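This document opens with one chain alone, in structure tokens, the form predicted alone.
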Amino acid sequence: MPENVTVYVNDLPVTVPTGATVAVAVMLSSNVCRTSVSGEPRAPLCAMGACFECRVEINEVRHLRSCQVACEPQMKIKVGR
């Protein structure tokens, strides 16, 4: 098994350790997960899937909790919506 995985956050490559969550990839890319209805940036808060603050789009599936999904090679992640 490779030591690292490359995913794409807003079309830019991000390399993370194998087993890292999507939340880690988003943080390494210097992005926020989403923007609240009032325009405030949102990022992972609880890191255990309870708060829903880290929702992102993964491979065209919206509203997934980034702290609960492990990165897979070539995964397409959209954030900041």
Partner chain sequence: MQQTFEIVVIGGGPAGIAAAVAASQSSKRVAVLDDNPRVGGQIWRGGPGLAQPKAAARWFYQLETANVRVFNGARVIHADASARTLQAETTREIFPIGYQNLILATGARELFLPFPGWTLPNVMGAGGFQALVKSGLPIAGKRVVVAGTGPLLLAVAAYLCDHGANVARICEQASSSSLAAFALRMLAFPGKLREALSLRYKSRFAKYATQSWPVSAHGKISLESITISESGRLREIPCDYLACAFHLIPNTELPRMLGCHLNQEAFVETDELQQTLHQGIYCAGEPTGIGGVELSTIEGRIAGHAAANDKRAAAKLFPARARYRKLAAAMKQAFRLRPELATLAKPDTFLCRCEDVTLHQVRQHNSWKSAKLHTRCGMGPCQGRICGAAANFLFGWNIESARPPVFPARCESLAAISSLTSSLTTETEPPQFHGGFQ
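A quick note: this is a predicted structure, and the numbers were derived from the prediction, not measured. Numbering follows the first chain given and starts at 1.
Just so you know, the form predicted in complex with the partner chain exists too; it's not on screen, but the next bit is about it.
Residue contact with the partner chain in the model of the complex: Thr21 places a heavy atom within 4.5 Å of it. Looking at Pro13, you'd find every heavy atom of it more than 4.5 angstroms from the partner chain in the model of the complex. For the chain shown alone, Pro17 is a contact residue for the partner chain in the model of the complex, at least one non-hydrogen atom being within 4.5 angstroms. Taking non-hydrogen atoms only, Asn59 never approaches the partner chain to within 4.5 angstroms in the model of the complex.
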